[in-house]
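What follows is one chain in structure tokens, specifically the form predicted alone.
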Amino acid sequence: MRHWLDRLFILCTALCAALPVVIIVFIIGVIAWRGGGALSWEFLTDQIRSAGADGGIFYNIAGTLILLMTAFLVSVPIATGLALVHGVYLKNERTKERLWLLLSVLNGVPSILFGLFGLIVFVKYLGWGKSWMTGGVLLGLMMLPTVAVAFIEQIKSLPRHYIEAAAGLGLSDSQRVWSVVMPQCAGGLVTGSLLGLARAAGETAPIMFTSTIFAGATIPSGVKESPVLSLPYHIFILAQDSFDPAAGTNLWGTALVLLVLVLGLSLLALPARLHIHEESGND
């Protein structure tokens, strides 16, 4: 009887593991099938025309990359500092738990609240208007917990004898950070950054009121009143407001481009981490 129960448990576990994979593959297949027909060199290099029914998404891609680069530059230094404070400098376990709780709470904040915060603080109070900088800062705050937690976990997995050997040589905390922690744990920072960027790339709520518009923007030349186009908001508007079949084709094509960007960042996380870990091991 126990033998059959074990087999039944294994079967149920396998089905539970396979179900999300099948759903994901189905979604990817539908987007690829419906959006593949829109992809062309002109679609990727032209600008939007006729309310999305014609033209391409060049400035949408450029705007999304600008937002992601800004988010990266905002989140990585702060996340690195928080992870090093948690993993190296803080000695009080209770304070460490509070910092971990803070990161967990920040990770659970709904994205629309980040958008409202940006609207009140940056758009209204600071007078930036719709700006790529606002969107980048908000996305950076959103991906901050992902980057910090990945780096903290990597620091926790660092073999204890590495730290003890560095301490035995008389190195200070800062010297241990630069000579041991950063070289050995850089893989966690890279992994967290790529996963955080993959999440940020698909967010619409934080940027729709603060940094992006549907048409009329190119490459920003300033900070105030310098909105950009973006892939998620483009998809949102076409899905909500357009009944033109041509726009529908462009909608699925844009979704496919965004999917490729998100999957690319996610898939890069593993080999990038392994590559850096191998290099640090050889050193």
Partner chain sequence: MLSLRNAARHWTWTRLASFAFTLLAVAFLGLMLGLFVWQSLPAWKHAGLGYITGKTWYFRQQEFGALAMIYGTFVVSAVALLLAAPVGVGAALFTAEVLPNRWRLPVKAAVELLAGVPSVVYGLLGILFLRNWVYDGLESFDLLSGDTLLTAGILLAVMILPTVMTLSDDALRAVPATQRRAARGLGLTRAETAILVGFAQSWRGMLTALLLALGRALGETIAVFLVVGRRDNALPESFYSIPPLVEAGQTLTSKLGGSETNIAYGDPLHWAAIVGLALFLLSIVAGISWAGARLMRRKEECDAPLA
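A quick note: this is a predicted structure, and the numbers were derived from the prediction, not measured. Residue numbers count along the first chain shown, from 1.
The form predicted in complex with the partner chain is left out here; the points below concern that form.
In the predicted complex, P232 approaches the partner chain with a heavy atom inside 4.5 Å. Of the heavy atoms in M208, some are within 4.5 Å of the partner chain in the predicted complex. In the predicted complex, the partner chain stays beyond 4.5 Å of every heavy atom belonging to F43. Interface residue remark: F58 is not counted as part of the site for the partner chain in the predicted complex, having no heavy atom within 4.5 Å. Residues L84, V85, G87, V88, Y89, L90, K91, E93, K96, E97, L99, W100, L101, L102, S104, V105, L106, G108 of 84 to 108 are found to place at least one heavy atom within 4.5 Å of the partner chain in the predicted complex.
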